[in-house]
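Only one chain is given next, in structure tokens, and it is the form predicted on its own.
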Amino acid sequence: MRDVASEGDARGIQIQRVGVRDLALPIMVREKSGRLAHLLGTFDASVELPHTERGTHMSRFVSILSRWSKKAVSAVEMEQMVREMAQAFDAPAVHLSLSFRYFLEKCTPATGQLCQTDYVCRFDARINQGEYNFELGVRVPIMTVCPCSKEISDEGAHSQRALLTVNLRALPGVIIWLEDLIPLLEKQGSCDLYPLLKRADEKWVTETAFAHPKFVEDVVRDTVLALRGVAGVVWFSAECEAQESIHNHVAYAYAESE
């Protein structure tokens, strides 16, 4: 049977990335407790295609990722996956991204009721000419109260939900647990969020947030200071987007380590 994708190409154009996106598969992520979290993951995978080759073999991505979806996934397994892809495709560069929603239990602040909050997380693995890089990403919802609004208003101040997104790289062998990172980031807002709030909890959240007003600039700067104190982190970026309650636009700030 003719293999059209394996045929040569004379146009002389190299493609930096070719592959599959939004491939949904069940995954298992190691928790800090040692247990496995069973989640739904979404993979994006690509390889570099030389100018001499017409196409890649898309089915190989699905075969490899389907097999790995039956195993626990961490930075170690992500490296094994991209190296296997590099060998299977004979590719000098591979990029693999896995996004998923991770759940953490937390207690409501006043009544102590147990609830679960979900966080969008990402494992990003790249290999280029044999060199491996891994990046951890997490998006944490927080609450912010505008310091300026609080200062100039006789009654109240405008508040909004915001999204704090952090990407980081750590030294080889260093594990940054989501169970440690997420609570650290939640503390950088005016107050963290809860899916369940009784009246006493709502009062606590409202008063706590108004006692700690923050601009998006404050959130990002405080996040930078917090991440500087995390052992083993060698690079990071932090971005805060506030879904403004009195404006029809989003306010944001971004910073990264030097």
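Everything numeric here is computed off the predicted structure, so don't read it as measured data. Don't overthink the numbering: it's just position in the shown sequence, from 1.
Below: the form predicted in complex with another copy of the chain, not depicted.
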Non-hydrogen atom contact Gly137 with another copy of the chain in the predicted complex at 4.5 angstroms: no
is_contact(Gln160, another copy of the chain) in the predicted complex, heavy atom dist at most 4.5 Å: yes
Pro147: touches another copy of the chain in the predicted complex, heavy atom cutoff 4.5 angstroms: yes
Contact label in the predicted complex: Ser46 to another copy of the chain, heavy atom within 4.5 Å: yes
Stretch in contact, per heavy atom within 4.5 angstroms of another copy of the chain in the predicted complex, of 83-91, 175-183, 123-131, 68-76: 68-76
Residues from 223-258 in contact with another copy of the chain (non-hydrogen atom within 4.5 Å) in the predicted complex: Val224, Leu225, Arg228, Glu239, Glu241, Gln243, Glu244, Ser245, Ile246, His247, Asn248, His249, Val250, Ala251, Tyr252, Ala253, Tyr254, Ala255, Glu256
